[in-house]
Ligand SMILES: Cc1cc2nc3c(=O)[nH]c(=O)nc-3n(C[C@H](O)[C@H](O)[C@H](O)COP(=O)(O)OP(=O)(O)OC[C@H]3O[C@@H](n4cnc5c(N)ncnc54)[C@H](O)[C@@H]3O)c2cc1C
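Shown below, as structure tokens, is a lone chain in the form predicted alone; questions about how it binds or moves come after it.
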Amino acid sequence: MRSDYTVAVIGGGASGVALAARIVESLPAGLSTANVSIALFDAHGCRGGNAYAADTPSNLMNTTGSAIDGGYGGDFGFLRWAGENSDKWRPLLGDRTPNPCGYVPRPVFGQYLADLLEDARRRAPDRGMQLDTVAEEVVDIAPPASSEQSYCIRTASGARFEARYIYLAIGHLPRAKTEDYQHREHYYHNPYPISRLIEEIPKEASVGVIGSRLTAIDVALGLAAGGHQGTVTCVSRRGRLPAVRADQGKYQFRKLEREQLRKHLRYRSARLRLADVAAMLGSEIEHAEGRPVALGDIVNAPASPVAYYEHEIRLAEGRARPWQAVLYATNRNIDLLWHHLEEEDKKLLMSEWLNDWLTYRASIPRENAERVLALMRTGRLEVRGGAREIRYDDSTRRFNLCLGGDDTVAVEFLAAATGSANRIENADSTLTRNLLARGLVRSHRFGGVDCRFETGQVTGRNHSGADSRMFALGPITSGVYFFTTALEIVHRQASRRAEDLAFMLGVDWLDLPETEEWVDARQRVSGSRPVKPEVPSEGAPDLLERVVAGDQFDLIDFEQLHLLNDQISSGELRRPDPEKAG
């Protein structure tokens, strides 16, 4: 395996795989992209990260097969893969078959990710590229000494690699342990894989779960599917379960499609208020519903978890909930809405409304909600609000979940389902600690790493990022793009990064001194069709030797190419901002 690459993708989850596959699929074949080499680094090779690793099939995605197929994976579609690889998903699904309207188990999607990456690896040589998977954990990246040099990548084993372009696709970063109880036996800081909990927790043991959203649902349903009979208690500040998703089609905005929104926000200084966004979405929801809709029609009045899910399931059963289709359609424009939102409104949204947004935007399939309801009715699952503190009692060897007043729930085992670290300085990640220490990245005030909205170029501590060749995508960019976990959003980010990479490779090629000398030599050749010259083996880059050998000079406009090179070198040419209409 080589040690120097054009591109290094750090992370083998949905974001990293999407980017590597998209580069291979869409990078224009030509002079500037010949011999591109890509390395995808992940400690586990490619297993889909925590979310999509091999695990119990009770972990359902909240996305249907058709939505995956239409929004992720490019030419290597999910439904086509499922039709051709029944031997891979049959052990998980049995007689069930992945279908366009069904919700996909996360481990099945993980298998698809591995095959998507393998398909890209096989196709790469046909496009003049090389794609390698490096099963190593990246722990540090050193900056290049000059613009001509590469980044130096160091792994946990001590191996060193070099790459000109770095793409951080490191997904959801685990929180660092900061509390005493987190270091105790029978505590699970990361509940995945759920199969480990099933194996290690006794069937009759009492289990506490910190959180009540999607990960908590995975834990409760996974344990139940594995035969657990003890009580599972989910605790959170508000005790809110995710909304229940109904069957729905794709919604087409009347006024909020991406191009329409760009025109509305044509100037970078255009700002939105939360009231503006609420009015826009409210108008679209009323159009989708075909009637006036009040907030109370969507947000249910406070009720017990059992009553709440009984009501939610009735609303979702056998009919559409058009407002959900509108919320899911915001995948196509949520980054633009967030980018143009006033700063004070961003703070308000993050502090006061984020939980409500996640409750109703990150809904769960009705079949899982029905299982949750059945567990609550039998007393095997409790969902409690008012969580304020967790303590470990050495005398009883129990975790005490302290709720409002003197209410305390004691459990034998405890699993954290509170999600990832919002701020990277609070993450349990050697890589991000080293990047912060080097000043190569800085934390965004609303989470993740700071980067330029237009390109994803990572912003370091002491500079704007304009000269950086380090980029980011996926959940690690949540502060800049707000909602970054949907596969459709991940695929769009990957496509944009691949487009930008093609442009940067073109600039690199034109900036080569030997390229300019070679172009100058071609311009001096007389006649409308230059005569094929003798080219010394070391007189031109390999990518140009191919054109010379093929006698294809007529395909190149040397005058325009030279002019373009001069403009780029002098800084006079600037790539138009694709997110800015003018």
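All residue numbers refer to positions in the sequence shown, first residue = 1. The model shown is predicted, which means the values in this text are computed figures rather than measured ones.
Below, we refer to the form predicted together with the named molecule, which is not included among the displayed structures.
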Taking the partner as it appears in the predicted complex, which of 478 to 486, 343 to 351, 84 to 92, 122 to 130 has residues with heavy atoms within 4.5 Å of the named molecule? 478 to 486
Does any heavy atom of A51 come within 4.5 Å of a heavy atom of the named molecule in the predicted complex? yes
Is S37 close to the named molecule in the predicted complex, meaning a heavy atom pair under 4.5 Å apart or at it? no
Distance check, G171 to the named molecule in the predicted complex, heavy atom within 4.5 Å: yes
Does any heavy atom of E136 come within 4.5 Å of a heavy atom of the named molecule in the predicted complex? yes
Please tell me which of M470, A369, L431, C451 lies within 4.5 Å of the named molecule in the predicted complex, judged by heavy atoms. L431
Taking the named molecule in the predicted complex, which residues along 1 to 23 bring a heavy atom to within 4.5 Å of it? I10, G11, G12, G13, A14, S15, G16
